[in-house]
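In structure tokens, one chain follows: the form predicted alone.
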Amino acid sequence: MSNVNLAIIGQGGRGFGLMRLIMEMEDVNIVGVCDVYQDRVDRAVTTLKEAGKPAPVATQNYHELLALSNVDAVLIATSWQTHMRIAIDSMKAGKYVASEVGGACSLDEVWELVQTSRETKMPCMMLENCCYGREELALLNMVKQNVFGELIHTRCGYEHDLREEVAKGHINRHYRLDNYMHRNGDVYPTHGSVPMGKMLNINRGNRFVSLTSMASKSRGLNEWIKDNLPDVDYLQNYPFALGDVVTTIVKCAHGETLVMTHDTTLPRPYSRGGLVQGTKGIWMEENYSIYLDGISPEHKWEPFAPYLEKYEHPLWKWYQQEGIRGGHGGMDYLTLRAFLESVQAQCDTPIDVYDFAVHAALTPLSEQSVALGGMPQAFPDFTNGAWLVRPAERKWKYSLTEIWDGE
């Protein structure tokens, strides 16, 4: 397949931004756009026409796009609570699926996602752009080269002051507000968990076996709303369900641990809180430092920058030569290309339906654990034992299971 005919479902801030990036790709035709809000549909159509692109099928009902025979693939950029349903319907319609990130609402829908992919044989990719970040790929390269030795412990998080975005959800039509009002758990785990999962070989020789979560009290949103939205009466003293800081500990089959933090309603600078620690050394994001046993000065951190250059991932070497483009430091573009070129090759995606399932399941499992006072929750094996021995992934530049330096 040379060109991909793509339908984009969801035209809010994220979906519209991805559409503008995809518009520039000569081997992709945007043949359909959808959103529940008509003004967003109109904006997408106008933008495509002004760029000289053919008018897409435009609708507020995504089923109309799934019924189109010329649609090869679907990109979903809707609310967290609708990703799974639309992905399932899209696979049943015979389409390749790419979905924006976010946790699932229940384990039942995660199992249905996996079962639908098995039955239809349609790939389903979570568009976790952080897997293709420069630092994350360099660290993956270092892990594969045994620089850190045997991995013991990892840490990640989504630590981002989102008080204004969340509190104004009723104004900017953002779904985060509803989730923060009614759910308590790690509602947005994947920016850290998926890259760390790839380093830990999750679904390919290793798996998550259990987790436990605890949530702090909720105060940050109420204080911000009182100071900045005094006229929004119904939010002034609303008892937000989501704790300001949610901490989750995940245990792996081979004994590694992963600590995740969700922290978005208190004042703080942005961080994904990354840490990789093994028998030979440790890397820490928040001081951008590394320590390697027998290499670094004894008991002293070193700057990570020289190691980043030394262990630059082949994909980023290529990308820097070709020209970095798109949002989030260029990783959006790489993630989209990994999906679109999978469609062209008619092969599975590098973040597959089992990866999607495992990391989306972190949210409902975290909610259950919080509700039970931190009680451990057993992690389902969505692969039904296949994680022990799985067929090798395609050898290509977008692989996240091995480092490929071919043409």
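All residue numbers are counted from 1 along the displayed sequence. Remember, it's a predicted structure, so these values are computed and weren't measured experimentally.
Here the subject shifts to the form predicted in complex with a further copy of the same chain, a form of this protein not shown in this document.
Contact annotation: M375 falls within 4.5 Å of a further copy of the same chain in the model of the complex, judged by heavy atom distances. a further copy of the same chain in the model of the complex is approached by A215, whose closest heavy atom lies within 4.5 angstroms of it.
In the model of the complex, a further copy of the same chain lies farther than 4.5 Å from every heavy atom of A241. With a 4.5 Å cutoff on heavy atoms, H174 does not count as touching a further copy of the same chain in the model of the complex; it lies far away. The chain is drawn here without a further copy of the same chain; in the model of the complex, the stretch among 110-118, 79-87, 321-329, 294-302 whose residues come within 4.5 Å of it by any heavy atom is 294-302. This chain lacks the partner; the member of R183, R155, R204, R337 within 4.5 angstroms of a further copy of the same chain in the model of the complex by a non-hydrogen atom is R155. This chain lacks the partner; the member of G102, G133, G278, P123 within 4.5 angstroms of a further copy of the same chain in the model of the complex by a non-hydrogen atom is G278.
For the candidate spot formed by L151, D227 and T257, every residue has a non-hydrogen atom within 4.5 angstroms of a further copy of the same chain in the model of the complex. In the model of the complex, the residues of 262-285 lying within 4.5 Å of a further copy of the same chain by at least one heavy atom are, in order, D263, L266, P267, R268, P269, Q277, G278, T279, K280, G281, I282, M284.
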